[in-house]
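There is one chain below, alone, in structure tokens, taken in the form predicted alone.
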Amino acid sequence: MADNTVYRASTTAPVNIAVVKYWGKRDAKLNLPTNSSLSVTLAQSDLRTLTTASCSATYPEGDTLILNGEPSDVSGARTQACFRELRARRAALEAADPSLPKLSTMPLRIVSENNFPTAAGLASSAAGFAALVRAIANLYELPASPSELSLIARQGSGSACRSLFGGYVAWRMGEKADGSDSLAVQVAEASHWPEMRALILVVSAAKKGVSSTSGMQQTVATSGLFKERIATVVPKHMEAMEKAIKERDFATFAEITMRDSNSFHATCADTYPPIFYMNDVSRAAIRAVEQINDAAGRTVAAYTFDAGPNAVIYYLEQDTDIVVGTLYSVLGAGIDGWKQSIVESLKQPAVTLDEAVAGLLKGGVSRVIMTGVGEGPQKTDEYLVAEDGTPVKR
């Protein structure tokens, strides 16, 4: 008798923002990095991908993906690598237990949505591939650990491997040619340092001019600074950052975060022809953080920029008044994203930014996202595929 069941599983997965950056591949096919990296997983209440993975013998032949309401191509090598690895693991379970339904042979229908702009420098591919891999792993009832699954997610998007954990996460670059030791590990749970906060200044929600993939290839091929970064700078930053997180030492965390962001963007500028992900508004955000720290007489805020112009500003909850208060006083209530419960309890901001910096920020920041350190992927009963296999209209 034919099995016409629609099998499905849903998960959410978080965005992570690296404080020691991944940039450059030593093996493009396996997505093996030239250096280790370390990130903070952000709260899913503010930034998350929701993905439902389903399969059924009744589906038309071929795997499909709907992303944010639009059909998306699944024929790319990265997506296919994830599907292939996950199917192989499910097939092994089915071979060991013939009573299991043959899910590995059925077409996949995947529906996914983000609650933040896609391809805007907000690590959407990291959350997306982490959610895709975790959802299919749940669908297939795989016994794999998050670190094991990170080996698969890495092949979809390098930084996705870090989104399989909450808290503070390292991606060990590994040494083996087959990539079997290039995986993510948790440095500390979110509960170890729960006071960590992030204020994201969304400078542009437009798609990037130079994609991360092509940017990395150009940098590896042409930047002399890059060689120094992977040989000396990153190993030193990784060691100091892990120690700072374990000791909850914000001053060191902040300094390494800013230095590593500067180092990463310096290698992009040293690429030939140069790559500029930051703009004048981004640089104004750097000056704002410097002025806030100067006024505080200590380091209370740290900026970092991924491959895009958006500023991510880390701070501790106890310093909300000076960090958020200063930026709220400049940007005003007219832009979206402020959490009313927080801004309504702010005391008088202590810092007046200089006019040029304030003017650039006010004219160039389109919205803010207020968030903090959060948990890894979460299984959910919220489905984007109905019981009959049709995508849910939302």
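Numbers follow the displayed sequence, beginning with 1. No experiment lies behind these values; they were computed from the predicted model shown.
One more form of this protein should be noted, the form predicted together with another copy of the chain, which is absent from this view; the next part is about it.
*Asks:* Select, from the options 250-258, 124-132, 173-181, 192-200, the stretch whose residues sit within 4.5 angstroms of another copy of the chain in the predicted bound form by heavy atom distance.
*Replies:* Looking at the other structure, the answer is 250-258.
*Asks:* Within a 4.5 Å heavy atom cut-off, is residue 271 in contact with another copy of the chain in the predicted bound form?
*Replies:* Close contact exists here: in the predicted bound form, residue 271 approaches another copy of the chain to within 4.5 Å, heavy atoms only.
*Asks:* Evaluate residue 224 for contact with another copy of the chain in the predicted bound form, applying a 4.5 angstroms cut-off between non-hydrogen atoms, and reply yes or no.
*Replies:* Yes, residue 224 sits close enough to another copy of the chain in the predicted bound form that at least one of its heavy atoms falls within 4.5 Å.
*Asks:* Check whether residue 229 has any heavy atom within 4.5 Å of a heavy atom of another copy of the chain in the predicted bound form, and answer yes or no.
*Replies:* The answer is yes: residue 229 has a heavy atom within 4.5 Å of another copy of the chain.
*Asks:* Can you check whether residue 242 is within 4.5 Å of another copy of the chain in the predicted bound form, heavy atom basis?
*Replies:* Residue 242: no, not in contact with another copy of the chain in the predicted bound form.
*Asks:* Let me know the one among 263, 186, 114, 320 whose heavy atoms come within 4.5 Å of another copy of the chain in the predicted bound form, would you?
*Replies:* None of the others qualify; the residue that does is 263.
*Asks:* Just to confirm, with a 4.5 Å cut-off on non-hydrogen atoms, which of 303, 315, 83, 140 contacts another copy of the chain in the predicted bound form?
*Replies:* So the residue touching another copy of the chain in the predicted bound form, by this definition, is 303.
*Asks:* Note that another copy of the chain is not shown here; using its position in the predicted bound form, name the residues of 42-71 with a heavy atom within 4.5 Å of it, in sequence order.
*Replies:* The stretch 42-71, when checked against another copy of the chain in the predicted bound form, contributes no residue at the 4.5 Å heavy-atom cut-off.
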